[in-house]
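Next up: the same protein chain in two forms, each one alone, written as structure tokens (structure 1, then structure 2).
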Structure 1
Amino acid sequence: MKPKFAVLMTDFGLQDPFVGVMRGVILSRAPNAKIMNLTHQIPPQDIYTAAFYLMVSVSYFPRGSLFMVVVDPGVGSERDILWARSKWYQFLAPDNGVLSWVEEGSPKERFEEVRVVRNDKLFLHPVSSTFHGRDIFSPAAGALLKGMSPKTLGPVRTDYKKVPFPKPKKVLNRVSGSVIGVDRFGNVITNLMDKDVTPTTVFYLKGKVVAGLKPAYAFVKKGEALAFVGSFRFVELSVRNGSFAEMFGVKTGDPIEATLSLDAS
């Protein structure tokens, strides 16, 4: 039950010393802790991107990892901080829905126990109103990594906030979805999964039409657009050696339409 690794995800960026200070606090409590970064460049206060990246990443980490998700627009308000445990992983996050999609994503990730982090004997005092990552999340994580029972964190909680995953809608041979993320290469990640489409599906996004799924970048010429099932198993739109998002002005939340050819369905 004692976690073996801490995995950090925040919207703090790497410019300021926030992330470094969190590591310092964790290691002050648990000097042998092993700490990894998932990413610290979640767009500021964007719990949807955080929820998505967590959902598609968790299963690649060692069992026994403790994920610390500090994307927290409500910091300093009355929102609670949660600790949750699934079959193989543990989580610390604000009660703002950021853990919803990981729990929805797979039966193995259903939470078996959720608690409120309320035991202020664990916290750094004075607790600031803006940096709970340092004053609450990190000392709580340090205590868990050192072997403290999760029961010490606070009482069980069953009515935490859930934000449903935006599933695509299907009407006849038409699927309506949306852009769920844009990566560093300008690849556009949609909420359409491999099971929602066929190899001959035609995609419409921001006036651009892309016909059919390709197996890999190398199947189109440089500068040409393609659709493919990305490494997260979601459909992505991309330009080989270019940025689809930049060329067609795409951003998170934009609607995408897909038409399944009748013969293939």
Structure 2
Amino acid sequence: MKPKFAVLMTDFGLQDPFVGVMRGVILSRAPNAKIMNLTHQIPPQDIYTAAFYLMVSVSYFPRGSLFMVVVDPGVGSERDILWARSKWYQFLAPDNGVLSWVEEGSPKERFEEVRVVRNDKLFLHPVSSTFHGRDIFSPAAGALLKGMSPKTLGPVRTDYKKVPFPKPKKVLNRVSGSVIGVDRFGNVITNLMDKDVTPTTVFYLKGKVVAGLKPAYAFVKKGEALAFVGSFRFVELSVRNGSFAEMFGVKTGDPIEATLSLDAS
């Protein structure tokens, strides 16, 4: 299956030339390639935020997209680079767990084939120990977009790294979860989904108590905290016109507790 589009996701930001150089390498190998950006603002080396945003975003892209994920704190080490294929999409990513939650997002995205990228004839040389996005990921992506068979990349792989999705735990009317992301507005994204809570649920995070779910920011006063179900169906805690994460010192991995109404237990 020849991919139709490349979708780039990195922690490089846009101030430096790294993203532009990767796009240039892809187009050098596949001049007619169509390239889209998912995001380049993943917090540096944050595999978990990258895994989350990939999980909730994949299904919104055209079938036949090739996702190139370069969030790679192990660059230059012995870690491998993987190519994976689900029913409708392809992926290039480091073997560090960043692909783990794609299958969690939808049964349709279960990987049907995974290979390790080993064919160094595809790479740019010399290969930098700090910029595999340019020297390995991009030329491999360009070759795939031009129609190269994935078999050319390298051998099939079955024992790649997986990071379990942190599922909430419910005991009676109490639900324990965790923070799985913080967006640029300081909204705190939890692993609690709409199905895990009720409109009257009370949330406890870093000493802050937030009671009930609101439909949107406009339902509270400026500077007031609120909880709501975000666009990806996960519960978020926010401050209207402010940053919940900054105000209460919240970071990815922090625990959150929720108490449901008794009739929901």
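Here the structure is a predicted model, which means the values were calculated and not measured. Definition used throughout: the rigid core is the maximal C-alpha set that superposes within 1.5 Å between two forms. Every residue number counts along structure 1's sequence, beginning with 1.
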TODO: Report the structure number, 1 or 2, for the form predicted alone.
DONE: 2
Task: Core-aligned C-alpha movement of residue 241 between the two structures, 2 Å or more - done: yes
TODO: Take the rigid core as the frame of reference and indicate whether the C-alpha of residue 185 shifts by 2 Å or more between the two structures.
DONE: yes
TODO: Would you say whether residue 250 is displaced between the two structures, judging by a C-alpha shift of 2 Å or more on the superposed rigid core?
DONE: yes
